[in-house]
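Only one chain is given next, in structure tokens, and it is the form predicted on its own.
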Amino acid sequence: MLETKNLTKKFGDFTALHNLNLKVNSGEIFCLLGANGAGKSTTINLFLNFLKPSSGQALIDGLDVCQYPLETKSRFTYIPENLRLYPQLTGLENLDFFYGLSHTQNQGLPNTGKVSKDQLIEVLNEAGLPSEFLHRRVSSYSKGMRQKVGIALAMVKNAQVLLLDEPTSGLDPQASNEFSELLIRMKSKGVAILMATHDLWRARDTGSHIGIMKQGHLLESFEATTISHSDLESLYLSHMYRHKTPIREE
């Protein structure tokens, strides 16, 4: 589970995130919508412990990410807009390397058992990587294929949390749809997913909950099934072009 408590981040006199309170339970996909500078990536980076909060807390399974950095890192997988893999290694070799790295860093923590090559191949197949690409260098992969290697890493780590920052940006419709199907499968396995995105339609179809952010404020938070595509677009645009908007939570 993911939770923020009055989470605030300031850079000098500029407040990038204002007293954010949200919760993502196991088996939920929470999609954060907002323009550039809304605070979406700042939120993700605070959960990753890449940034330190000015005040408040970011919690993973009830653990403060600043106080328990190793324990919380063992519980999540992070997939950014452009997932960095070693281009001269194959997808299988990348998965083996990054899983081994997480195992080494998190010895003594849950879900760090060794896995065989056959198990890694099975996970990559489950993530949807075409079998003919298992032993090809990542330099030949499309962006969608690289993102599937990231999902495979979450699977093999038994990650309880997925943190996603614009993961479908630049994907063609088929690849974006395949990635969303993978997220729904992860959701069905009880994974808590927080995704920052600009894609309103994907958020409505994939997410269980949606939050709209602007200038560091969470303006609205609601279940995805309570709103239509057209109404979500209208609501989003009304917030983006309104100077001040009252905050409403579900």
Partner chain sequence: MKNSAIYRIVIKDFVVSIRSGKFWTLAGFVFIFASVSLWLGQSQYNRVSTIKAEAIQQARHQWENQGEKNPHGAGHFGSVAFKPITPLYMIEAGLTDYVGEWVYLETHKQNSAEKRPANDRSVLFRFGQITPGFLFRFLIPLFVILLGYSTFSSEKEQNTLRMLLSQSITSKELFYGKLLSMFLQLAIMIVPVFLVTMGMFLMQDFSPFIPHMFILFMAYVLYLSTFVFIAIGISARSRTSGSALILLFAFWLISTILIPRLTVTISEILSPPFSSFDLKVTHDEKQDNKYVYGYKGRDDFSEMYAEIESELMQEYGVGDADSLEVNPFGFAIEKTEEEGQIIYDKTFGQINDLYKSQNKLHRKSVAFSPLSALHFLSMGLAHNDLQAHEDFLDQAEEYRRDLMKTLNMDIAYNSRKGKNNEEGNSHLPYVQGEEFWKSIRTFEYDELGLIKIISNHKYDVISLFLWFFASAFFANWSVKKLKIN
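Numbering follows the first chain given and starts at 1. Just so it is clear, the model here is predicted, and its values are computed rather than measured.
The next section is about a form of this same protein that is not shown, the form predicted together with its partner chain.
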Quick one: from Ile184, Leu70, Ala35, Cys66, grab the residue that has a heavy atom within 4.5 Å of its partner chain in the predicted bound form.
Leu70
Only one of Leu129, Leu85, Leu164, Val156 comes within 4.5 Å of its partner chain in the predicted bound form by heavy atoms, so just point that one out.
Leu85
Partner contact for Gly100 in the predicted bound form: its partner chain, 4.5 angstroms, heavy atom
yes
Asp96 within 4.5 Å of its partner chain in the predicted bound form, heavy atoms
yes
Against its partner chain in the predicted bound form, would Phe133 count as a contact residue? Criterion: heavy atoms within 4.5 Å.
no
Whether Ser74 contacts its partner chain in the predicted bound form should be assessed with a 4.5 Å heavy atom distance threshold; does it?
yes
Among 40-48, 24-32, 189-197, 211-219, which stretch has residues with heavy atoms no more than 4.5 Å from its partner chain in the predicted bound form?
40-48
